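The form predicted alone is given below as one chain in C-alpha cells.
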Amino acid sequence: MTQELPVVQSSRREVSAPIAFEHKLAQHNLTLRAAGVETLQVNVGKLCNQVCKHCHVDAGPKRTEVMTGETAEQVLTALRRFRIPVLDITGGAPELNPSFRHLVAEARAVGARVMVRHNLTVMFEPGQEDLPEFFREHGVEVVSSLPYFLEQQTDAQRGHGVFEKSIAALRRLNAVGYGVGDGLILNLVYNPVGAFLPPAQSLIETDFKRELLARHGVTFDHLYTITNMPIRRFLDYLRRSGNEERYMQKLVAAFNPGTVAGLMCRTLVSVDWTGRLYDCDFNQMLDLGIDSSLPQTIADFDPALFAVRPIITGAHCFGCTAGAGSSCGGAVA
C-alpha cells in the first residue's frame, strides 16, 4: 500500500518523508520525551557575516532579527534562578549581537559552562579582533564549523575566501591556548558538502587532525559530524538539484533506533531571538513550538515543567537519527 507523504509545515519551507517520524518510532516501540534540562541553547539572532549554502537558519548580513538586551536578561535570569549547567549560544554569528559579551560574562559568573557556535571568520569583522582573548578570559568552549581541511570544499559551502580566513582564525585561537591541551576547548564541526550522510566521526576526526596539522600547523580537540538537515537553504539546494526525495529516503532508510535515547532534544531547550521556546534549534527554524501545554517563552521558563515533556517531531527528525545520529555535539551512537 502506498502511504500518503506526511508534511512538516513551516512559515517558509516544508519537507516530506515516506513515513512519519512518529510512525517510525512506533515500529520500534519507542517514544520521544525529554529527560531533563541540562542545556539552554540560545539563538541570539540571524545576523551573520557569512551566507553558507547549508545554513538551516537562513542567516546572513542582511538579516535584522537580533535578540534584545531585555530578552538576553531573561535568559540570564533563568540561568541564575535554575542553575542550568550549560548555555549554548548560536546565531547567525552570535558575536554580532550587542548583548553577546554581557551574556557570556554573566553566564560564566554564575558557573554555567558556555559554548559559542563561532564561525571563525567573524573575528576579522570590525570590533571583533579581540575575540580569541575574550574567549580565553571567560573560558568559553569554542565550536566552529569547518566543512573540510581543503580549500575547495570549504569555500564551496561557505563562500569564497572563507577557508583562508578560517585557517588564520584557528591559528589565532591556537596562539591563545585553544585546542593545544591547555584546557581551552576548540571543537570543529563537519557537515557534508552535498546530499550525503557524514562518515564515521572518529575516522574523519583522525583525517582532520592529521591534515590540518601537516598542512597548516593547526590543532583542535574534537570533531563533531552533523547531518545536513532538510531545512531552509539546504532544502532549497535539495530541490534545485533534484535530490529532495532521494535524500529523505536515504535518511529514513538509515534510521537507527539506538540514537533515540541520546538525541539532544531530550536534555535541551531552544530559545529564539524573541525568547520563544522550542524543543531544538531545527524545530525553531520550522516554527514548531514547544508543547502547547507548557510555558512558551523564556520569561516563564521553569525546567521542572519541561523535564519529561513530549517532544514535537517532524520529518526533519530523521536527520538526527540516521546512521550514527546527529546532534549539536556530533554523532549520538
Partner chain sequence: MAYYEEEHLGHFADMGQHRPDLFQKFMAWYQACQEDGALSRREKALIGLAVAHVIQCPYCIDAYSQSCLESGSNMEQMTEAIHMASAIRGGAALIHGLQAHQSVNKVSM
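Residue numbers count along the first chain shown, from 1. Please read all numbers here as calculations on a predicted model, not as lab measurements.
Omitted from view is the form predicted in complex with the partner chain, to which the following refers.
- Using a 4.5 angstroms limit between non-hydrogen atoms, T77 is distant from the partner chain in the predicted complex.
- In the predicted complex, Q153 approaches the partner chain with a heavy atom inside 4.5 Å.
- Heavy atoms of R81 never reach within 4.5 Å of the partner chain in the predicted complex, leaving it off the interface.
- Contact between F149 and the partner chain in the predicted complex is found at the 4.5 Å heavy atom cutoff.
- Stretch-level contact check against the partner chain in the predicted complex with heavy atoms at 4.5 Å: of 176-184, 127-135, 223-231, 244-252, the positive one is 244-252.
- The single contact residue among V122, A195, V189, V260, judged by any heavy atom lying within 4.5 Å of the partner chain in the predicted complex, is A195.
- In terms of contact with the partner chain in the predicted complex, the residue from L213, A105, A168, L203 that brings a heavy atom within 4.5 Å is L203.
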